[in-house]
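Next comes just one chain, in structure tokens: the form predicted alone.
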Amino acid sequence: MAYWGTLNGMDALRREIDRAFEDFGLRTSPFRTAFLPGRTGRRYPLVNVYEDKDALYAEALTPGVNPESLNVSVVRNTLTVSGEKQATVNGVKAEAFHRNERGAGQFTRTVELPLEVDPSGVVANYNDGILRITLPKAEEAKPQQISVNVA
């Protein structure tokens, strides 16, 4: 038992170090590690962010999530998606599972965007388990064309 307790302590220390690096914008884990609640950190939902000249776009994988539970908020250059994923089987005791890898419960995912957006124009659509968010760039974040005067 002491061995397992040591591993739990080391895992908690690793998560704290990862959080410290993430606070500085550095990602320490190249992939999602596991779905073991309380054992390893998980990022849910997985998010892609891309842009064109007028807007940023975020796509979050949210299969099995009730769209009515989804909340999207934007403050300056920070996008937050939260909601709840219901358990697929209700009334089954935890000890009855032979394998339980699909996470359930409440989640919150915060993503730092590369520039500020106009929160008044944000649009979110949910279809086929994907939450698509359009985030118009703030006017001051759009590139400005500057003419060059020739003397």
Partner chain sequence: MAEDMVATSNDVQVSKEGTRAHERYVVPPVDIYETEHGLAVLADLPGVAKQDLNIRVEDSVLTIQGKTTQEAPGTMRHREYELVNYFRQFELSEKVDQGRIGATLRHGVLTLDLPTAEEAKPRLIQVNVG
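Note that the coordinates shown come from a computational prediction; the quantities given were computed from them, not determined experimentally. Numbering follows the first chain given and starts at 1. In this text, the rigid core denotes the largest set of C-alpha atoms whose superposition between the two forms falls within 1.5 Å.
There is also a form predicted together with its partner chain; it is not shown, and the following applies to it.
K.L.:
Is there a heavy atom of residue 101 no more than 4.5 Å from a heavy atom of its partner chain in the model of the complex?
P.N.:
Looking in the model of the complex, residue contacts with its partner chain include residue 101, since a heavy atom lies within 4.5 Å.
K.L.:
Do residue 117 and its partner chain share at least one heavy atom pair within 4.5 Å in the model of the complex?
P.N.:
Result no; residue 117 lies far from its partner chain in the model of the complex.
K.L.:
Give a yes or no for residue 54: in the model of the complex, does one of its heavy atoms lie within 4.5 Å of a heavy atom belonging to its partner chain?
P.N.:
Output for residue 54 is no: heavy atoms all beyond 4.5 Å of its partner chain.
K.L.:
With a cut-off of 4.5 Å between heavy atoms, is residue 130 one of the residues that contacts its partner chain in the model of the complex?
P.N.:
Contact check for residue 130: yes, within 4.5 Å of its partner chain in the model of the complex.
K.L.:
Are 73, 81 and 105 jointly within 4.5 Å of its partner chain in the model of the complex, each by at least one heavy atom?
P.N.:
Negative, none of the three is within 4.5 Å.
K.L.:
Let me know which residues along 78 to 104 have a heavy atom within 4.5 Å of its partner chain in the model of the complex, or say none if there are none.
P.N.:
In sequence order, 85, 88, 89, 92, 96, 97, 98, 99, 100, 101, 102 come within 4.5 Å of the partner.
K.L.:
Is residue 123 one of the residues whose Cα moves 2 Å or more between the shown form and the other one, with the core superposed?
P.N.:
After core superposition, the displacement of the residue 123 C-alpha between the shown form and the other one stays below 2 Å, so no.
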